[in-house]
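Single chain ahead, written as structure tokens, the form predicted alone.
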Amino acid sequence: MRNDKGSLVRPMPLPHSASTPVVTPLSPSVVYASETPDALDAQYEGRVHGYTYSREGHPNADVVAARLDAMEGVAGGVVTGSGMAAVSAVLLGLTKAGDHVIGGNQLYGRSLRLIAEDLPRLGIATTLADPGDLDAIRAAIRPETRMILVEVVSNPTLAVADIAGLAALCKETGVLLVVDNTFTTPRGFRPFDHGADIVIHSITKLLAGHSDVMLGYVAARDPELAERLRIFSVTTGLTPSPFDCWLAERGMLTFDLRFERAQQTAALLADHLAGLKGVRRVIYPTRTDHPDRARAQELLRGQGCNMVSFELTGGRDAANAFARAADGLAFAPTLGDVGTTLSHPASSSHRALTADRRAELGLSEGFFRVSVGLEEPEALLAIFSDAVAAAADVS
């Protein structure tokens, strides 16, 4: 009987080893073979754990999900192909025509667009309200309200939501509290400890931390909701790439160190910017002039995280001059990289809003959001001094 396995058009099995790899192996396989139909039944029925088709789950996604589950204090989180995929899984996977959704009025631009434009097209009514104004949120609630989606610290104006008040209100009314924890991360805040029902992350940002990964994460306290989110993600193909998950795990191993270093520098930068001629205002949660400082102190326990926002006294010309003069800093619509990045909401994340709507949110042409990275603080402060001076020259 012939036993020439080398002639088969299948990969050879891995060699046996008495040792194990230190780094998680990358598993790019789209499909996984089972021994028999009975064995496959056992997997689908949950009697044994195994993989079948990577859209339904794969080892690298499970490793990342387990790590984030531990950080957020939950079980059963799902990794998705992007942060917006995680947001979509919640808004589309847990609602139906006739439901009503409340969103914070200062969410990430694409989240705002999904709530304001796409949900109504599907018969889901929506309202935007200030998550720091509990009376406004209460007034927006209807009998058909299904959920409230907020960010702990808003993108990009760094306003702090009244999480305690929202959690109590949601418990009273039976509405789900959904918290996007991307800016704050589990190091800064753990929403499940404060009454959240669902937590969302864009892993792409500070968690992975190297601008080379596109991933999201969503988890629910209720196992039934968690399973619905998983099924919707599988059905709609929100599946993450194994390679991105593998890279993300590598980035998450240094997350705590990166978070602390960036946070320390962010506090220095905020105070430095406040003293520069040509800067109208600086927004950072630990500063005494932050409008929500008391709430920020309570929720973030004295932390400020790595995001700083500020406004130049000039308009678009000043913004262009600032970006050109910020030598060595990436002007890019992202955050959480090892290097400091600059974002201009009026031309990127919030460009779809009207000028009047941006003005209501305080997003002038001179407004910038800064994601502080790992540069030497002194060098970073010098770059900002030079860039602000260049902007002031054209104001």
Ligand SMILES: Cc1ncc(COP(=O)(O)O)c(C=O)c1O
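Residue numbers here begin at 1 and follow the sequence given. For clarity, every value in this text was computed on a predicted model and none was experimentally measured.
Just so you know, the form predicted together with the named molecule exists too; it's not on screen, but the next bit is about it.
Q: Considering non-hydrogen atoms and a 4.5 Å limit, which listed residue (Thr127, Gln303, Thr313, Ser82) is close to the named molecule in the model of the complex?
A: The option sitting close enough to the partner is Ser82.
Q: From the list Phe189, Phe259, Trp246, Tyr108, which entry has a heavy atom within 4.5 Å of the named molecule in the model of the complex?
A: Only one option qualifies, and that one is Tyr108.
Q: In the model of the complex, which of 271 to 279, 176 to 184, 315 to 323, 112 to 120 comes within 4.5 Å of the named molecule (heavy atoms)?
A: Result of the contact check: 176 to 184.
Q: Does the named molecule come within 4.5 Å of any heavy atom of Glu151 in the model of the complex?
A: Glu151 belongs to the contact set for the named molecule.
Q: Please run the contact check for Lys205 against the named molecule in the model of the complex: heavy atoms, 4.5 angstroms, yes or no?
A: Lys205: yes, in contact with the named molecule in the model of the complex.
Q: Is there a heavy atom of Met214 no more than 4.5 Å from a heavy atom of the named molecule in the model of the complex?
A: Yes, contact at 4.5 Å.
Q: Contact with the named molecule in the model of the complex for Leu335, defined as at least one heavy atom pair within 4.5 Å: yes or no?
A: Residue-level check for Leu335: yes, a contact with the named molecule.
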